[in-house]
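The data below hold one chain only, encoded as structure tokens and taken in the form predicted alone.
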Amino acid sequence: MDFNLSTISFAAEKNFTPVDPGKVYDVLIIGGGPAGMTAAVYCMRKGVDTAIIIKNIGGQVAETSSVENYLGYKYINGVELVDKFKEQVFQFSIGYEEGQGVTAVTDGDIKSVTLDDGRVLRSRALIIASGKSWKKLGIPGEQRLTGRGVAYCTICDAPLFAGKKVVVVGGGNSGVEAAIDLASVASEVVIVQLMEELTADKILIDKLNSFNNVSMIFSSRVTEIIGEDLVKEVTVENVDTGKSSTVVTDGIFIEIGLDPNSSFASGVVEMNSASEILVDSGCATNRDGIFAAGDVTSVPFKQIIIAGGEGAKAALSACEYILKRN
């Protein structure tokens, strides 16, 4: 068997135990992004018995090519920042589960969390910091060709399109950031934007304009992705005229925003029309002992530093809740 020495070295530094379905934790945290990992640090510094459940460690940060607005770093790669978070968390003793999603949670004096594999974990307080996932277009060819030219993460898949022509759907921050990443490796990038102009931050648009291999199709939407085994072309419809045209492409990156990972808590905690969990200034939900933080909540401005701050607040509120109960 081959071993990765760097992985072994890092694993040796991890200070955690597998989650234990047979015990009741003080605080159970769902999510391994900035909110969840910050919450873990604050809970463990308070000395409460804590466990964290992580589907994909780092969340969206791990899929971000560059971070330039997180205090302390003029520039840092998203994966590198996640590594910094992990080092901070793993210096403490914590119950840890990675790779499992959550299918349901229940309320009560003792909260329960059901994992994908059927195991049920219990805690006195619960922090939901499950973040968001990429939105889908829901058009013909999208699901069938996912991984065969249909992609959602440029940091993961951009290198696969070196020297090729790609389409990016979306002209907001996500779409323009994706186009910038792709323009560095692809032969041609075509942005399809539903609006009449790009809606990304000016600094991103200025950076995009420095490339000469990027073009835009405005007031339009992609209605079909075509190809047998691989993406070959997409159908684009002008929303003003209704006319359709075909764009030949080797791939399509769908960058139209994200949906909250909150379905497992539906009917348990109150949510808004966008399925974001409603929280007060202390990150408390409408259910006693259940808190939420980060992008999964109704708090505006989805930023790494804001998610981290909200994770800290949720942890302190959860610890206060535990203290009062004891």
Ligand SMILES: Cc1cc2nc3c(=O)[nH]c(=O)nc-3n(C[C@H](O)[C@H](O)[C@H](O)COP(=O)(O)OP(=O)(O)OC[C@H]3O[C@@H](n4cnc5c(N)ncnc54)[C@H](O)[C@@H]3O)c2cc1C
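Residues carry their position along the shown sequence, with the first being 1. Since the structure is predicted, the reported quantities are computational estimates derived from the model, not experimental observations.
This next part talks about the form predicted in complex with this ligand, which is not shown.
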{"item": "Location of this ligand contact in the model of the complex, chosen stretch of 163 to 171, 199 to 207, 246 to 254, 123 to 131 [non-hydrogen atom, 4.5 Å]", "value": "123 to 131"}
{"item": "Gln100: touches this ligand in the model of the complex, heavy atom cutoff 4.5 angstroms", "value": "yes"}
{"item": "In the model of the complex, Ser275 touching this ligand (heavy atom, 4.5 Å)", "value": "no"}
{"item": "Partner contact for Asn69 in the model of the complex: this ligand, 4.5 angstroms, heavy atom", "value": "yes"}
{"item": "Contact of Gly289 with this ligand in the model of the complex (heavy atom, 4.5 Å)", "value": "no"}
{"item": "Selected contact from Val268, Val299, Ile53, Val48, since only one has a non-hydrogen atom within 4.5 angstroms of this ligand in the model of the complex", "value": "Ile53"}
{"item": "Within 199 to 224, the residues that have a heavy atom no more than 4.5 Å from this ligand in the model of the complex", "value": "none"}
